[in-house]
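Just one chain is shown here, as structure tokens, and it is the form predicted on its own.
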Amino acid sequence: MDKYVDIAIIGSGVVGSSIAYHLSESRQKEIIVIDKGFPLSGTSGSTQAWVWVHNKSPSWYGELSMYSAELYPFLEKKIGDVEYKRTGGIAPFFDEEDREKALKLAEKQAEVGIKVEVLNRNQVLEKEPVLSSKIAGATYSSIDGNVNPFRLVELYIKAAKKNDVKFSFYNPVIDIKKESGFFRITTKNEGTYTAEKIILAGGPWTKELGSFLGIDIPVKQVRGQILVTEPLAPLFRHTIAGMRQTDNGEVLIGYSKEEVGYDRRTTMEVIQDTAKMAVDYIPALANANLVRSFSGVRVIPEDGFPIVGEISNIKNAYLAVMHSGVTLSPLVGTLMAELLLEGETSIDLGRLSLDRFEKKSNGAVVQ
């Protein structure tokens, strides 16, 4: 016999678990989250977990990121300590010619309320003396920071379970059909669920999930490799574009982007390039021992921006897929809960609609 639920969410990463929690706050619906693996076994457990805002462009995208970052302190009061720290963010540049780009960025971000400072070399070194004296300057904003992704996802799920959300792990979805106004979701290990509404939040597997419903979701899988140092004495305070230091002293370093499909291997070439980048930024890291490396596979929409909202030609089917899921999860969870429970959102999701790709293919440009 099919198991009936009001809402089925496919994917239990930072985006899917946030949506589940925010939906569950109303206690109006029976909700299940289905995942092919286990929480944090995918992208959400393979990240530096920045809460990064200041150089997200265009400015409307930065604005969304800012709104989400502002929700983190309130979120912690509701679900518990996710080790969110608003450290401030520094994005160094080495070429004086990049200063003009930085000034234009600061001007555009100011239009939506994001304060970005463009610092000269001395100002940067005053904030972070450990940075290389070879840098020309940096952009800086106090709004940037980071979070513990393991605690974040764990506490989203724990809070959702308290509100009676059911979770089904190690249970791949192998088919989805819409019949008589409901979605029949066939799983490998637990039979079939029937749901009134469905949310696809499967990260790197979202394209495959969309194919069950006959829709093409224009996303790509992009590998990022991260290095981890031995625990070091406190070395730097800020989140720096490319690296951060954790509470236990480890430094996480990574900036690579490789379109190699779902391949989570690390490679010596990228490890060496990443290590060089780290030493170029912070020369003292040349003396640090690396203890491990790992990689994660991000899902990135083809134009780089989130796809969030109802799928226009399939009533009651919704999509939530994006890069920067850690940064955006509080806001996306909030907006999706509004959309499913109230039929409208406090922030217009028009720019994030899947329809924008159809418009682009017809020659229209979505700004």
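Computed from a prediction, not measured in an experiment: that's the story for all the values here. Note that residue numbering begins at 1 and tracks the sequence as displayed.
We do not show the form predicted in complex with a small molecule, though everything after this point is about it.
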Original post:
For the chain shown here without its partner, which stretch in 132-140, 203-211, 99-107, 281-289 has non-hydrogen atoms within 4.5 angstroms of the small molecule in the model of the complex?
Top reply: 203-211
Original post:
So which of 336, 64, 319, 322 reaches within 4.5 angstroms of the small molecule in the model of the complex, heavy atom to heavy atom?
Top reply: 322
**OP:** Only one of 49, 53, 331, 307 comes within 4.5 Å of the small molecule in the model of the complex by heavy atoms, so just point that one out.
**Re:** 49
Original post:
Do heavy atoms from each of 15, 35 and 226 fall within 4.5 Å of the small molecule in the model of the complex?
Top reply: yes
Original post:
So in the model of the complex, does any heavy atom of residue 57 sit within 4.5 Å of the small molecule?
Top reply: no
Original post:
Taking heavy atoms only, is residue 124 within 4.5 angstroms of the small molecule in the model of the complex?
Top reply: no
Original post:
Heavy atoms within 4.5 Å of the small molecule in the model of the complex: does residue 246 have any?
Top reply: no
**OP:** State yes or no: in the model of the complex, is some non-hydrogen atom of residue 10 no more than 4.5 angstroms from a non-hydrogen atom of the small molecule?
**Re:** yes
